[in-house]
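Only one chain is shown below, in structure tokens, and it's the form predicted alone.
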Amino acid sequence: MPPTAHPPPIDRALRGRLLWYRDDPARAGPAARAYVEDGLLLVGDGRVVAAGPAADLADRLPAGMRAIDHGPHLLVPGFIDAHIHFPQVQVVASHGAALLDWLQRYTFVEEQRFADPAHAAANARFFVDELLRNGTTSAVVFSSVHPGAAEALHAEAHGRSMRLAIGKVMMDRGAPPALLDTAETGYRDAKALIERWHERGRQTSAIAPRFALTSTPEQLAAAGRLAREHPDCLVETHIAENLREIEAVRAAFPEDRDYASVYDRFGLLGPRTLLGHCLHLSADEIALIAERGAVAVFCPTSNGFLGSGLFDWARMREAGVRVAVATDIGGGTSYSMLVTIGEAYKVLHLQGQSLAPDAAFHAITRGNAEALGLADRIGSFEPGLEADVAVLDSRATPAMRHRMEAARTIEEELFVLATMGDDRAVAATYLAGAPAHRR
């Protein structure tokens, strides 16, 4: 429903302290933030009808309706995870390996189990439950190579009205035989999933060649063909995460100038492209990514856990590259976007950069929505947007409660949530205005 359309009847109201962003704080400063100390969020047909002071909106409640009171908690738009792996939920916390060894030793072994429909369905339930428990209401997801696994996750999310963009991984080399498709079957299976699920309810599709080392030129060309045929689908892949990986890509694609040029040659770099990691890019690669309008996805817990490197947000911003933030489960170590921005703060601080509380919360709400091309649907409490909500308790643990006794501003509270918060700080989660999790 566009914001100018006639609003639907109000069928639910949430009360609490409201916080959302109308703009990027890096551009607009403090004016980017909307904060209402005693607010009402009015919902109709799964969308925001109005958000503002309770004193101004109370008379719009239908006769007999009472607001669900979440005071004194903070109501923010549901978190958005820009890069996460569904088949890696039992790979998290696998010890002692860098990227390429970690894939062979742990990840590819686990992903083979997703050929089993029952295993995929059980893990889809766990995956969605865990995201909602952490206040994440939308995500861009790598599934496995098996079309049935993507089907199971789509079905689970669709049944709960959760917004996911899911890509069936395309991978025709560099992995065990049980995990390989071909250029043709990868194209065909991905296309069938797009035709069945893209824009069905809140489901969308992504085109997901895993990374250059696991796709032949023929498969990358097939992925590029899919991207041309379905220009409203996201493209998700990985780039420049690990130095050994970069050397291997250089050997596998000697005709290309660099890693980014490989994807560009096959039509996989564009404004709908999400590039996981982007840790070791040359100046030429950064310039090309900026020119194509692609998004660099910052995965701080994964980059630290696998020892891959430090993401340079300032360099990306100065070059005009858009940035998203993500957990990257299962290289990442937490499903929580709060933990993720807390680790992002540390990664940037090590490089003499600062991630302010407003910038962090903008990043995992409206900022990620903008990166995904979904700011007209999610990420804010503007009228007409889908009413996804995370209810945050900044006093969820004894240590947080003790720290909050000395907090004086909303900025201090946000920083407490970012550096001390996790799933315990999520008191409730709403999908399209309906309760989806309550602690």
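Note that the coordinates shown come from a computational prediction; the quantities given were computed from them, not determined experimentally. Start at 1 and count along the sequence shown; that's the residue number.
The following text describes the form predicted in complex with guanine, which does not appear among the structures shown.
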Guanine in the predicted complex: contacted by all of Leu99, Leu103 and His238, heavy atom 4.5 Å: yes
Partner-contacting position among Lys168, His362, His154, Arg210 - heavy atom within 4.5 Å of guanine in the predicted complex: Arg210
Selected contact from Ala344, Leu306, Ala124, Leu74, since only one has a non-hydrogen atom within 4.5 angstroms of guanine in the predicted complex: Leu306
Heavy atom of Asp328 within 4.5 Å of guanine in the predicted complex: yes
Ser302: touches guanine in the predicted complex, heavy atom cutoff 4.5 angstroms: yes
Non-hydrogen atom contact His85 with guanine in the predicted complex at 4.5 angstroms: yes
Per-stretch contact check against guanine in the predicted complex, the hit in 210-218, 129-137, 348-356, 181-189 (non-hydrogen atom, 4.5 angstroms): 210-218
